[in-house]
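Next comes just one chain, in C-alpha cells: the form predicted on its own.
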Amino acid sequence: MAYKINTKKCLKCGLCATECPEKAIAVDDRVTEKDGLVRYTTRIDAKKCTDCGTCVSFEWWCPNKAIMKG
C-alpha cells in the first residue's frame, strides 16, 4: 500500500517532491503568494510509489509529518 499525504497537515513546502528516489511525489499546483512564498500542492502517485519508506525515514523530509502509510 502506497504512502499518501495528509492534506490537513501538509505545509505545502514542496520538500518531499524534490527528494523522492522513485519520483512518485508530484506537484499538482504551484502558487506564489504576495510575500513571495511559494506553496506547492503535492500528491503521491500510488503506481510509482514502491513503499521504500524514504519519505518517512528522515525528520527533515516532511517538517510537519504529513506523509503516512495509505
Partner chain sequence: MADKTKYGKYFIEYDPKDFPKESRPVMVRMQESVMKGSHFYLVHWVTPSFGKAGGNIKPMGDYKYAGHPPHIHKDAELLIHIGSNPDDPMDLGAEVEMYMGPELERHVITRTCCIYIPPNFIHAPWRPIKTTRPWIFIEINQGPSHTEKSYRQILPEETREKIDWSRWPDEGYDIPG
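Positions refer to the first chain, counted from 1. Source: prediction; values computed, not measured.
There is also a form predicted together with the partner chain; it is not shown, and the following applies to it.
Within 4.5 Å of some heavy atom of the partner chain in the model of the complex lies at least one heavy atom of N64. Although the partner is absent here, C13 is a contact residue: one of its heavy atoms lies within 4.5 angstroms of the partner chain in the model of the complex. Using a 4.5 Å cutoff between non-hydrogen atoms, V56 does not count as a contact of the partner chain in the model of the complex. Remark: T18 counts among the residues lining the partner chain in the model of the complex, judged by a heavy atom distance of 4.5 Å or less.
Along 16-51, a non-hydrogen atom within 4.5 Å of the partner chain in the model of the complex is carried by A17, T18, E19, V27, R30, E33, K34, D35, G36, L37, R39, Y40, in order along the sequence.
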